[in-house]
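Here's a solo chain for you in structure tokens, the form predicted alone.
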Amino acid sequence: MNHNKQQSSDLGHDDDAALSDFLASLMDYTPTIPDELVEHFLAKSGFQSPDLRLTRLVAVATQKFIAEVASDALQQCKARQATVVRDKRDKQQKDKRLVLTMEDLSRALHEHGVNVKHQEYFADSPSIGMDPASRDE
């Protein structure tokens, strides 16, 4: 029984050491999201800490979340455009651009527990708002 306690405390020590190493490595890492921006939103939500490592940890977590949402939105966009290609094969074969719509982004965010409602005036068609000459390209 004493052996099990020692083994679990060794695992806890390993986890603590790994966490300490990770937090120390954050000091050398420059996240995509600037520290000032993260500090602004943390302060706006009522959180303040003088420890830069915590700010960077939030920045890294935010960066990962944004990357996952963007990747999921891209998959939604590809799936949506694949169904359009089946319906309008000839015309869509020429146009290989991927156009991210609010619907794609909303679906990706919904998968991550964020519900987004947008106003009806948003353009959900890729050709809305484009110059009429460039619509046919």
Partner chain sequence: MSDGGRESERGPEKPAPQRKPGGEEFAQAFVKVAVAQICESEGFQSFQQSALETLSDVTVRYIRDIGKTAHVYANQAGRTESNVFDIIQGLEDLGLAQGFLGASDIEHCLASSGTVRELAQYVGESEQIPFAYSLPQFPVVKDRKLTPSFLQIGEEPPGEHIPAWLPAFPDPGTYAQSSTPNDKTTELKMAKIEQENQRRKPERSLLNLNQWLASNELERPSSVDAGDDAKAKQAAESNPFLAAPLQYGEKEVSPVVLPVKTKLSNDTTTGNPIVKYHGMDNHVSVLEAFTPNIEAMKSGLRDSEEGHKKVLLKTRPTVQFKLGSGKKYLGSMLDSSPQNKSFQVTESWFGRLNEKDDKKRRAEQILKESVGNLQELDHL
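Since this is a predicted model, take the numbers as computed values, not measurements. Positions refer to the first chain, counted from 1.
Another form exists, predicted in complex with the partner chain; not displayed. Remarks below refer to it.
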Open item on the list: How about T83 - does it come within 4.5 Å of the partner chain in the predicted bound form, if we only consider non-hydrogen atoms?
Closed with: no
TODO: Answer for L19 alone: is it within 4.5 Å of the partner chain in the predicted bound form, judged on heavy atom distances?
DONE: yes
TODO: Find out whether any non-hydrogen atom of A67 is located within 4.5 angstroms of the partner chain in the predicted bound form, and reply yes or no.
DONE: yes
Open item on the list: Given a 4.5 Å distance limit between heavy atoms, list every residue of 41-66 close to the partner chain in the predicted bound form, or none if there are none.
Closed with: F41, L42, K44, S45, G46, F47, Q48, S49, P50, L54, L57, V58, V60, A61, T62, Q63, K64, F65, I66
